[in-house]
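The chain below stands alone and is given in structure tokens; this is the form predicted alone.
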Amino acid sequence: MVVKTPPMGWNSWNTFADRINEEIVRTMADVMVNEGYLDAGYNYLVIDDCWALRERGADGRMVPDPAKFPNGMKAVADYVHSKGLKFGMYSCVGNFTCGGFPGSFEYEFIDAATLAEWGVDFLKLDYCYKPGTEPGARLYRRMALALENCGREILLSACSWGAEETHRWIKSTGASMWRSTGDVFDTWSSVRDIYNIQKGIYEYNGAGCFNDMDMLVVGMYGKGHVGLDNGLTLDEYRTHFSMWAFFGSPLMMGSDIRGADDDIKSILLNKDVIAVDQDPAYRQPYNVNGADTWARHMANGDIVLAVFNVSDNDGGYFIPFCELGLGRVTGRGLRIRNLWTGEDLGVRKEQIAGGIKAHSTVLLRCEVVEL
């Protein structure tokens, strides 16, 4: 399956973990449609771990927990599809999932056929309980082959946490997205650490095989399964969302969007920031000045500039346009717009500079103009 832009959607783990059930899935499908998330591009609804019984059936197939999913997965998938969404599920490359439920090791073709019969469109494949003698690359290749020969298009989301230098081999597997880090938590230190990991691997991003920085924690406010303390501040949530969008990560919401307030919706539904993530060219970003200042060229000729202040102190930034290839000799400058405030900053000739608060972001879209 070939996916041209980073997948977007909602995943159950961050909020519900083992408390997922059919009623929640149906309600989330309704919310995703009625509250504008589908229109914004969030089209995958994915249930994570803990949906199955602890033992496979006599036929070797996975069995949905009838207490959680009394009508079975086909009925759930049908409801999700009726809302115009795509339906995703979870398994593991190992003998067991992270929650101790049956994994897909040596059941790959059986599981792929089962998922296809249920109408599944997306498979998140985790890394727990992987046999030590089996290379991760081999197991993801096997499942990808199973999915590609199951008679249905099913996106493979490889969740190997960056283990075994995932970035070096993942494009050979057929996975459409790959986790580059461990699990995210609703804390600033977690978001900062995931961002710092990207500094060493961002050049391995590639169209059709997207670097997954994990699910979004925007709007969790310390609640749910990965919520700690009071969660992030609004500024930190904007920075978190900006980082994921700028680096082209899949945008998989993880908060309980049933109760999202206007501030959180203004982040998750910011069409200008989403457009950066979904840019069809999916070009590699590059660092400017060797600091936490970045640039990325868009398909229409624009440049997006991102400044991430990950320190605990207020600071400043300075971006000379010569670092972007727009020295004086070009006779070009930049018409600049702030993607969070919507402010038009006008045309700048040779540089832009400003202040930036601790844990905050400056995200600018710049049109190249003749001076």
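Sequential numbering from 1, following the sequence displayed. Small disclaimer: the values here were computed from a predicted structure and weren't measured.
Below, we refer to the form predicted in complex with ligand GAL, which is not included among the displayed structures.
Chemist: I'd like to know if residue 79 sits close to ligand GAL in the predicted complex, meaning any non-hydrogen atom pair within 4.5 angstroms.
Modeler: Judged by the heavy-atom cut-off of 4.5 Å, residue 79 is well away from ligand GAL in the predicted complex.
Chemist: Hey, in the predicted complex, is residue 49 touching ligand GAL, heavy atoms inside 4.5 Å?
Modeler: Residue 49 belongs to the contact set for ligand GAL.
Chemist: Quick check on residue 99: any heavy atom within 4.5 Å of ligand GAL in the predicted complex?
Modeler: So residue 99 counts as contacting ligand GAL.
Chemist: Check residue 179 for me: does it contact ligand GAL in the predicted complex (non-hydrogen atoms, 4.5 angstroms)?
Modeler: Judged by the heavy-atom cut-off of 4.5 Å, residue 179 is in contact with ligand GAL in the predicted complex.
Chemist: Out of 193, 106, 134, 183, which one falls within 4.5 Å of ligand GAL in the predicted complex, going by heavy atoms?
Modeler: Checked against the cut-off, the match is 183.
Chemist: Only one of 215, 175, 89, 112 has a non-hydrogen atom within 4.5 angstroms of ligand GAL in the predicted complex; which is it?
Modeler: It is 215 that has a heavy atom within 4.5 Å of the partner.
Chemist: Sort through 70-78, 122-130, 149-157, 239-247 and report the only stretch with a non-hydrogen atom within 4.5 Å of ligand GAL in the predicted complex.
Modeler: Comparing against ligand GAL in the predicted complex, the contact stretch is 122-130.
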